[in-house]
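This document starts with one chain, in the form predicted on its own, laid out as structure tokens.
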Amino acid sequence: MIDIFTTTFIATFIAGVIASAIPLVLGSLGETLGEQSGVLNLGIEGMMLFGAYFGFVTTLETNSYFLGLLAGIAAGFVMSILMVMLNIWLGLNQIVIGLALTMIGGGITSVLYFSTYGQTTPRLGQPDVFPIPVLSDLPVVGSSIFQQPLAFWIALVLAFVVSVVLRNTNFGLRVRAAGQNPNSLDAAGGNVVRTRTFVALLGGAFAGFGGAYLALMSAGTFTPFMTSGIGYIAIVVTMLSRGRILWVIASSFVYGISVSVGTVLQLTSFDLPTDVIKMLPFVAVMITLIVFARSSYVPPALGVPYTRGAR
């Protein structure tokens, strides 16, 4: 049994919360953008796996975390093109296509990984951190919060930007109109299909970023199906948050805390099966869903294909 009340352990715990929460934040941001426009992206899990795999491989081959993150973002973006063509342009069932994309993402990345690396597990080094002057010298929180990789701060800035754009810009108004009442957007001169297309592609890029962050910054490696349901949790977080980005961040950090608590339980004398400990994040999400289910909300046009002139 280890001492869980030392400053070093507490700092490590906080860093673990961040490492688990940020990929979910990024995935949920992409899902929020899509759902606000009326596009239900059930393929987010597959997009995150694509981002994780290609981000990992690129970083491993080039030794550049920057290029790895770009590759992960590009991978999620490319995969979202398929969703755009099938869901938005052809109007096919968004649930079926989304589940198919998730299976495709998991299957292809697993095959590529085992065909390239076999049973070995290559690992990356530690990414460079971007310390915040003065704050990084604070005890406990300095090393755990204010000495994070640059990707962490980019993720927080993106969350702020998405919040401002959705609530305070004409583009955000068009996005929400596409999900609330696409016919009204069409009548006002907006282009529903174009708006949904742009937002879905952007959501795929966010998902790829989240997957790359998970592999490069959080895990330092790639393993098949390493997202372990984060994409599905992002859908729940999005529906509970009702387009409010602050709630997206808060819910994601609740998930991160539950993951870190599970890790702590494995290091203490509590005799709990590993499977039970791994279930803790999902139990926390289920409890949250039960408690706040009545306040969950989805746009009226979510998942409904749009055809101009149709009623």
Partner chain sequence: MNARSAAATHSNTPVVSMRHVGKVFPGVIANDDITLDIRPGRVHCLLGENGAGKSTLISILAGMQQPDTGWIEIDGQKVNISSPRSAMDYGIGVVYQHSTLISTMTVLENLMLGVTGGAFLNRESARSRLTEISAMLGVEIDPDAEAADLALGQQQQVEIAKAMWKGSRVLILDEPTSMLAPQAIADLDASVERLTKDGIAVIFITHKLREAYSMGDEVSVLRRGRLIASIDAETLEGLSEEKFTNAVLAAMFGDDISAIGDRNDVELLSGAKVATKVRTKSSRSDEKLVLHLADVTTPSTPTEFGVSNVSLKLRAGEVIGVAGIDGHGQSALAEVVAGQVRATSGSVFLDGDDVTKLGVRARQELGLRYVTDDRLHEGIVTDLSVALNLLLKQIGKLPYWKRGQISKPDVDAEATRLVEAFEIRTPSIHARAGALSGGNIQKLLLARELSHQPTVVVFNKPTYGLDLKTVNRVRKIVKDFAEQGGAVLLISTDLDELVELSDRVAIISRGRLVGEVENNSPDTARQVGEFMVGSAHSEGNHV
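All of these numbers come straight from a predicted model, not from anything done at the bench. Positions refer to the first chain, counted from 1.
Quick note: we don't show the form predicted in complex with its partner chain, though the next part is all about it.
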item: Contact of residue 167 with its partner chain in the model of the complex (heavy atom, 4.5 Å); value: yes
item: Residue 84, heavy atom within 4.5 angstroms of its partner chain in the model of the complex; value: no
item: Residue 187: touches its partner chain in the model of the complex, heavy atom cutoff 4.5 angstroms; value: yes
item: Residue 181 within 4.5 Å of its partner chain in the model of the complex, heavy atoms; value: yes
item: Interface stretch in the model of the complex with its partner chain - options 173 to 181, 120 to 128, 75 to 83, 97 to 105, non-hydrogen atom within 4.5 Å; value: 173 to 181
